[in-house]
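A single chain, nothing else alongside it, follows as structure tokens in the form predicted alone.
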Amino acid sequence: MPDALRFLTRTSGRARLDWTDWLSYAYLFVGLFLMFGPVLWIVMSSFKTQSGLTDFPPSFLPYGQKSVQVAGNEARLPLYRVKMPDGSTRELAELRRIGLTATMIDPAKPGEEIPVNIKDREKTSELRVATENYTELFGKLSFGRYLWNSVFITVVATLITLLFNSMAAFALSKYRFRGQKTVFLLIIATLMIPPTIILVPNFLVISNLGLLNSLWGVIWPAVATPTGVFLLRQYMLTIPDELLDAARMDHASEWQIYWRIVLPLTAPALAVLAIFSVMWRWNDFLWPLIVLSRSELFTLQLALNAFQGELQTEWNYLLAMTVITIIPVTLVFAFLQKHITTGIASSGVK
């Protein structure tokens, strides 16, 4: 913490802040606000009630409308601050509403019904954290099942991606064979092909293999990525060939050289590719939508889409699900971000 504080309070070589320091800090704070402001707003909104989300003007904190239990009514009635004809203000509960006129009652005198124009009242709000938006998710839908599907696809696809891409990068960086550069250029050239163009061929292959409505049908088509091969190959080129020759002289097999020497030394680049892979797989929507049609196989992204009704959407639960889908990617980035700069910087050095 002292190191972070010392870094944040550094100046441009003077004892006090210069105008360039103020400009730099202003730029950083504006960037921080633009990047994390919307995320923080979504998190706070996920703790609002359904009625709190429709308030205008919207509030940052999770305010909700007050309600009261009135004798003779099973449900709690919402409270309003009503301006009476004599100019006084009373706190009344809404019994029912027809058009522009609401029938209100005094919680202390529930027998007296008071007709009120909705223009003469305003909601009575209080700070209320709606934790039920998260706790009731498991009762509203098979949230645990969707979460498991997303975790399974992301973890398995990432592990296979790291394995396949690192093996290809090892062969392209440490072996010499005819057509080596041609193969590498063909792999890189696939970056120019839009993913939507190969959707139909991929679908036909998955269909012929009998992997429709299977989580493996979502995993296999994207495990080999040209970006990963390029990133790892460029990093492996920095590993001295003499180190591998020494291992061969000690009678190490090619698999042992790859597994025990090359992979540990490529850890920073593998961490970068792992972050990219987790983000790609976790946020993928189009390909799972094409392959999966059974609801029990849906990922969280498909569940979010299916949770929006044609006539009515429970936005409080939808926002809670959105926050949960953000958490895994955020955690992966937080734990592996120290390898990003090292991995990307070293991947371009030869």
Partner chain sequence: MSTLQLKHIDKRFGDTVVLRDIDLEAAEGEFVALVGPSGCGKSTLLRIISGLEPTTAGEIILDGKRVNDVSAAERGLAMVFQSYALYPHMTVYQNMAFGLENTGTPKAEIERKIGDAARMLQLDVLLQRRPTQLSGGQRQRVAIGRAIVRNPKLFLFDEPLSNLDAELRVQMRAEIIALHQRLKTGMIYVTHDQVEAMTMADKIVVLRAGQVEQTGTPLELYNSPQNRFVAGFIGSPRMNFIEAVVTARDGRGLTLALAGFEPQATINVAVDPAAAAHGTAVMLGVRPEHLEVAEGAGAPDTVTVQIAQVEQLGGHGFIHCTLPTSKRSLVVQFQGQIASRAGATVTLRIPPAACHVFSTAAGEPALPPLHGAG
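For clarity, every value in this text was computed on a predicted model and none was experimentally measured. Positions refer to the first chain, counted from 1.
The discussion below concerns the form predicted together with its partner chain, not included here.
- 264 is the sole member of 264, 210, 144, 107 with a non-hydrogen atom lying within 4.5 angstroms of its partner chain in the predicted bound form.
- Interface residue among 100, 84, 129, 246 relative to its partner chain in the predicted bound form, by the heavy atom within 4.5 Å criterion: 246.
- Contact with its partner chain in the predicted bound form, defined as any heavy atom within 4.5 Å, is confined among 113-121, 91-99, 71-79, 236-244 to 236-244.
- Looking at residue 252, you'd find a heavy atom of it within 4.5 angstroms of its partner chain in the predicted bound form.
- By the criterion of a heavy atom within 4.5 Å, residue 256 is counted among the residues contacting its partner chain in the predicted bound form.
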